[in-house]
Structures are given as structure tokens and as C-alpha cells.
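Shown here is one chain on its own, the form predicted alone, set out as C-alpha cells.
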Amino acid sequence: MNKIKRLLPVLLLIVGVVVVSMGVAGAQDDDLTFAMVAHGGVENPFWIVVINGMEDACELLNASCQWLADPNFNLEDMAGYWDDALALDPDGVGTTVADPDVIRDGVGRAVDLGLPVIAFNTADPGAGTADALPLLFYIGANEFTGGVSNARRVFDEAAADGIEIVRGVCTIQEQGHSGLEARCAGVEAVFDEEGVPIDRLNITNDAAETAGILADYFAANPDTNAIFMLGPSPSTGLNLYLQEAGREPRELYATSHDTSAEIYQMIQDGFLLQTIDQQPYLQGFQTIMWLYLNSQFALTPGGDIFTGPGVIDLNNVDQIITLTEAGYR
């Protein structure tokens, strides 16, 4: 409970709402229930941090919350988890939008029931068009901008070393995931500006399998000297490949997205220039808080809330490691 008390001033700063000392939960008498429907869960170190944020917010509100996700990542199963979410008779639902068509029916039914629905972590790729889902807003990173940041860092570091980037490759571990596609699109936009070819390469979340795919790719494309990984498990696969191939730091100009102990070590060892931080704790915490504020008081922030991209590199990785050990990053 001490951790929750420490978080209260942070909550007030985040949402800009004045709450009396008795606590936000005192503003309503009915029991609250919120559901979070996602495409990832506790098997992934990234999602554990999102869940931590959700749980802390729910404890602060004295609300019942359910995290609903397929532990083995199956986008099609999200439709069934939406059925489970609505069966809870919730006061609001947060959802990732890795594939909008899979969750379209569930989101529509929730809105028909008068429930607030907030997208978190993965934005609706159809936002602003006729295909947009009826979501309140989005809480998460700008994935395209994160890809741009990684690509520019590669070109800047290579130029500082007097090295020309000849070819790049952007790997995708979850095919059809709109957020990952946006990350690669950001990378590709920079490579197009620079006039440098860039490939897309399908990998998996299995490190050994990914290492083998990378070995085959580099055997066929030995001139490629920039690589972009899109998450913790792919970075583990890259690290395995680098060790097995005996490659040295900065022989490949590499970046990643998100965080893990191995990613931090790869940054410290010089194998990764940076990783993009989307502050997953905030995604879980703020989604629950805004579901509460909207369901009880019809409040909205007036637009999307971006939790990233931020950059983790040698300049701040030690501080981030400390915060990760505390469960916040």
C-alpha cells in the first residue's frame, strides 16, 4: 500500500484532476470492474510491466480488474477474450488494436452498451478514416516515430564512425501486427530519404529460430550492416546470432524496441545503439485511470496520450535498470 500512496501524487499530475485526501475511490460507492484485452501477457517481460501498472491503478481505485490475453500470441483469439470481457459486465474496457477487424465486433457491442473503450499500446491504424473503431482515444507510443528515431540513430552513429550504411533489414516477429508494421514503416521512411535499400524479414518470438533466420539472411546478404529489432524476444534472437557468429559490437548497427535485462546488457556491451521506450507501466496505469474518470465523470484528455517514443541508451540505461527492478520500466 505504501507504493500506492507514493503513486497518488503522480496520478494527480498525470490526469490533472484535484482529488480530496480521502482518495479517488471515495468518489463513488459501487464496485468497479474494468477489463483489459491484449495481444500479449505474462510470458513477455514487456507485458508484465503493463500489467503492473494496471494492478497498481486498480488497487488505488479498489476496483476489480481482469487482464485477458492469449499467452501464446494469437490475434484471432482476441475476439473470444472480448466476449469474456463483456461477460464481466465491466465499467469500461481497454484494448490493444493489433488487428482491428478481430476486435471490431467486441468494441461495437461495448459501445452499444454505453461502455467507454480506450485503445492502449497499439493504436487503431484506421483512426481518422471511415474504418475507425469507436474508441475514445489512444494511450501508447507513436510507433512510426519510434522507427524513425532508431533509423536516424543508426545513420548518425555510422557517420560518426566514418562508416557508410549500405543496406538495412527490419525484422517483424508477429506478422499482421499493425504496431510492428508502423515501426518498420518509420525505419523505411528514413532509409528512403537516404536512398539506402532496406529489407523486411519475418522472424518469430523463438530466439533460437530467429537466430537461425538471421544467420541465413546475413549469409545471403553479407553487405547488410544495419538491423532493427522490434522487441525483447527478437533482441534475444539477435544476441544469440551475434554470439554464435562471433560478430563484434558496431559491426552491425543495431537497435530495438522495448526493454528487458538482455536488451540493457546489449546496450552496455555495445551491441545495441538504443532501444525505444514506450513506458509500458504508464500504458496500464493510465488506461485504468482514464476508464475510471470517463465512466464516472465523463472526463477525457481531449486527445491521444503518447507515452513514447523515448530513448534508452548508454546515457540513461543504468537509471532505467534501477527503475525496472522496482517494476516501473
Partner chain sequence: MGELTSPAPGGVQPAASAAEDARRATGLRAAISSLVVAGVLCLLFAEQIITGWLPLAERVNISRRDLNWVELLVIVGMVIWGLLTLWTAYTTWRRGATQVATYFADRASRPSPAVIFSVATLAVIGLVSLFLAEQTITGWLALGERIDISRRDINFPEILLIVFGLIAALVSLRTFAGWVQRATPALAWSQWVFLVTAIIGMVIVLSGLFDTPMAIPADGSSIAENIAGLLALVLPGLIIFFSSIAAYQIITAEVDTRADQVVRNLLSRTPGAGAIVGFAAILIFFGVASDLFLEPRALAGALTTNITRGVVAIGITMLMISGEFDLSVGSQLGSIGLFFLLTMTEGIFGLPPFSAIPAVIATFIFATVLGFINGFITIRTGIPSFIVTLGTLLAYRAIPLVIIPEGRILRYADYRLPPPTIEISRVVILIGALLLVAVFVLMGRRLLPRLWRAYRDRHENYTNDTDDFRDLYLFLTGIRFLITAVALAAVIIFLLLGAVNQISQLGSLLVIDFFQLMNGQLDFLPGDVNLRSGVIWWFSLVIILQFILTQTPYGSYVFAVGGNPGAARAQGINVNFVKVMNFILCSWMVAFAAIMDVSRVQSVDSTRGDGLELEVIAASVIGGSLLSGGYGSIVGALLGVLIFGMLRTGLVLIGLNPRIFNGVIGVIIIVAVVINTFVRRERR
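Note that the structure is predicted; figures quoted are calculated from it, not measured. Residue numbers count along the first chain shown, from 1.
FYI, the form predicted in complex with its partner chain isn't displayed, but the following is about it.
Picking from 219-227, 96-104, 123-131, 137-145 the stretch near its partner chain in the model of the complex, with a 4.5 Å limit on heavy atoms, gives 219-227. By the 4.5 Å heavy atom rule, the three marked residues P232, A261 and Q265 all count as contacting its partner chain in the model of the complex. For the residues A207, L252, A119, A110, the 4.5 Å heavy atom test against its partner chain in the model of the complex is passed only by A207. With the partner removed from view, the residue among V166, A158, A189, I213 that has a non-hydrogen atom within 4.5 Å of its partner chain in the model of the complex turns out to be I213. A residue is said to contact a partner when one of its heavy atoms sits within 4.5 Å of a partner heavy atom; I48 meets this definition for its partner chain in the model of the complex. None of the heavy atoms of S149 is located within 4.5 Å of its partner chain in the model of the complex. For the chain shown alone, L115 is not a contact residue for its partner chain in the model of the complex, no non-hydrogen atom being within 4.5 angstroms. With a 4.5 Å cutoff on heavy atoms, M78 does not count as touching its partner chain in the model of the complex; it lies far away. Within 4.5 angstroms of its partner chain in the model of the complex, the stretch 235-255 places a non-hydrogen atom from each of T236, L240, E244, taken in sequence order.
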